[in-house]
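Just the one chain here, the form predicted alone, laid out as structure tokens.
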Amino acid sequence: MQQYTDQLVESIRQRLAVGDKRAREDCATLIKAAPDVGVMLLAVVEERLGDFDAARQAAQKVEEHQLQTAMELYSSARCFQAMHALMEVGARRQKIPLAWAQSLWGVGRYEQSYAAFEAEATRSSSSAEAVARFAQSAIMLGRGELALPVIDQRVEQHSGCALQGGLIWYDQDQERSAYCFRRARALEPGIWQALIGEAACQPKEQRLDRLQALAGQLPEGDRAAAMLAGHMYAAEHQAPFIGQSPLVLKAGLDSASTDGLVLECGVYFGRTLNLMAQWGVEAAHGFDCFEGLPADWNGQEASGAYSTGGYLPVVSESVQLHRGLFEHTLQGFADEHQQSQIRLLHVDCDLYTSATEVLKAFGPMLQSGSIVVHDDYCGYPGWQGDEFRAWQEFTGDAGVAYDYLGFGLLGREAAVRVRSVQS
């Protein structure tokens, strides 16, 4: 195949040298054999043959092909390749800025991605999809309120904007939040998450009853049942919900009543470590192998998911990264700091086995007032067997008493404060 492609390319070169219009036919054949090369050469051929309208159309096809290729790469989690593919296209066409912003997010360029989403969302001709995406990025960076001026303009017309508005407003005005969730359902009845969100807007003493009443209203399937079960668990324990998921972590930091180490197990591209630095944490330690999950996770993610490709993320100067599998790094660090206690432990490693490794190493360093924040604690299919199970087993065996500080609304996060440790 490569030899055949090379022959076609050489034929096109020779024909162009003498202005032979049969170069177009060679391009058409080449596109069938090697689309990446063919679509780009066609634009060159048309320009060299003097048909500039055809050259512009061919160039547009190049962009469309590269955009499609880039998004296929992104959807298969090959984010670095997607970003470079989009860089070749640039930001000349209307669809490209959102794709570019999404790819920036996928490779951990969170601030650049946020700026790109914001620029697209605040254009006079911005789409509702762009506004919803901007709101999502703002929420994930703990600054959802900055998206409210544009999100509120679209709540009445777009279900995705209404849903994001419900999450952002929840921490400030639960009546407004409930309206947004109702509006999302009115615009798109299939958004069952909005039913759970609206139930969570009820007074605390009524939430469990309202959530239980949803059992017959949600669609069949593991996702809806799992999210409802997670929210019912939170309501049973009288724990507050928090609309913007990163603010569960911030609530934990703000509630810590002891000084000590700030540790994160499961770093990925360092989003939450950098957020903690922005929130005033002067020193933090992050542990990750940066090669992705060491095993398949509950049928949801394959081994290797959440890999940075081995690259260390760009983090604040206040953050120290520790690279390697947990079994090779955690206990050694704990032994070196055995006289220290933990201010906050962020468990973001998904797997039961990994969470168990974390708690085996760092659990003995927890004291009264220490905070543990779980990123994937409940509300997804199989949640009872992962970080939740590891925490329940550890606290039961070690005699650790704790209180729930908050749960992520429509999310998986949970923050707890250690009340006492059995001596």
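Numbering starts at 1 and runs along the sequence shown. As the structure is a prediction and not an experimental result, all values here were calculated from the model.
Keep in mind that the form predicted in complex with a small molecule is missing from the display, and what follows is about it.
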Sort through Pro313, Gly106, Pro240, Gly292 and report the residue having a heavy atom within 4.5 Å of the small molecule in the model of the complex.
Gly292
Using a 4.5 Å cut on heavy atoms, which of His285, Arg182, Arg207, Arg271 is close to the small molecule in the model of the complex?
Arg271
Which of 228 to 236, 126 to 134, 260 to 268, 190 to 198 lies within 4.5 Å of the small molecule in the model of the complex, heavy atoms considered? The stretch 260 to 268
Distance check, Gly324 to the small molecule in the model of the complex, heavy atom within 4.5 Å:
yes
With the cut-off set at 4.5 Å between non-hydrogen atoms, does Tyr306 touch the small molecule in the model of the complex?
yes
Looking at the partner-bound form in the model of the complex, is Ser354 within 4.5 Å of the small molecule by any heavy atom?
yes
I'd like to know whether Ala162 contacts the small molecule in the model of the complex, with contact meaning heavy atoms within 4.5 angstroms.
no
